[in-house]
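So this first bit is one chain, no partners, the form predicted on its own, shown in structure tokens.
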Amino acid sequence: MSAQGLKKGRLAGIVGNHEAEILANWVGEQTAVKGRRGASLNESELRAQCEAFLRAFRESLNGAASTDVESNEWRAVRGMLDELSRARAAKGFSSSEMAFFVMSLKRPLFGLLREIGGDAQSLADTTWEATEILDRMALFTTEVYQKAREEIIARQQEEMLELSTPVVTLWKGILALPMIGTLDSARTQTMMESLLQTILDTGSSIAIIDITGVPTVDTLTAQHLLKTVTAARLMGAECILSGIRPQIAQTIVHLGLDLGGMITKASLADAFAVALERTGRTIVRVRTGPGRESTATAIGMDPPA
């Protein structure tokens, strides 16, 4: 319907002629509702956002031939709502709070339509047009909000993956990759990239992969570990697998898993001792005082990197 109604420009004219009044009432609607984040926004910032939106809304109404907010004529309004929805999603607003930004414009606009009056048919057509446009805009903001939240969650998951697979330099030429939790394809990929990059940056020749914090080892987990070991070997680094508990050892035997001749140790300390030996170092006890002893690297004395 609406194509003919919008061509007549009645709604655009009303918004243009009463923009200041609509703006004041609209801002008041948003700040009056308790419990919403919009009520806690800086009023000058909120007013600026509403003013910019009303300007774009009026300009789109002047050029639009329909209430289809997906059409090219509504591009500026969609751009504003897209930017605003993403910004508010990042600040922790809910989807309903974002939709309320648009829906709260109804009361000031409809109240003005009743005051202006006119014949019943014209008033009904204009009210319906405004309702259809604002409802579609509210749906649009919800869709953008959901996409923005999904992007934020995906980014946070990537950051958590990076944090959950730290590569630690134990000594010059010796790296450790302590793993905690279940291994899946995405986490393994992040783990492999982090390990290989650190091997490249440090020129390390030994990488200890510690699975003390991995609850279970199955065929898929073993495949992930072997891929990481193979990639590290291609980079010139030997891998030692530590954290082999009795339950995990039994599982590996039961599943008939081949760990590719990898050196395995029960603890990270045992693996570190092997790594020192492989790099031409050993641990000896050095007496530092009466009745006191400390441990130091005596052969191949290199400081920790």
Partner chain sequence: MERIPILRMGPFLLVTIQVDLHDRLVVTFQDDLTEQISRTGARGVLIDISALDMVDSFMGRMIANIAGMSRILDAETVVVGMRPAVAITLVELGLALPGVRTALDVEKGMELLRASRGLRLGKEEDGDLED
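Fair warning: this is a prediction, and the values are worked out from it, not measured in the lab. Positions refer to the first chain, counted from 1.
Below, we refer to the form predicted in complex with the partner chain, which is not included among the displayed structures.
Suppose contact means a heavy atom within 4.5 Å; in the predicted bound form, does that hold for all of 199, 204 and 234 with the partner chain? Each of the three qualifies.
Exactly one of 227, 136, 106, 78 has a non-hydrogen atom within 4.5 Å of the partner chain in the predicted bound form; which residue is it? Spelling it out, the residue with a heavy atom inside the cut-off is 227.
Please pick, from 115, 218, 193, 143, the one residue with any non-hydrogen atom lying within 4.5 angstroms of the partner chain in the predicted bound form. Exactly one listed residue reaches within 4.5 Å, namely 193.
Region of this chain that lies against the partner chain in the predicted bound form, out of 107 to 115, 185 to 193, 128 to 136, 80 to 88 [heavy atom, 4.5 Å]: Heavy-atom contact with the partner occurs in 185 to 193.
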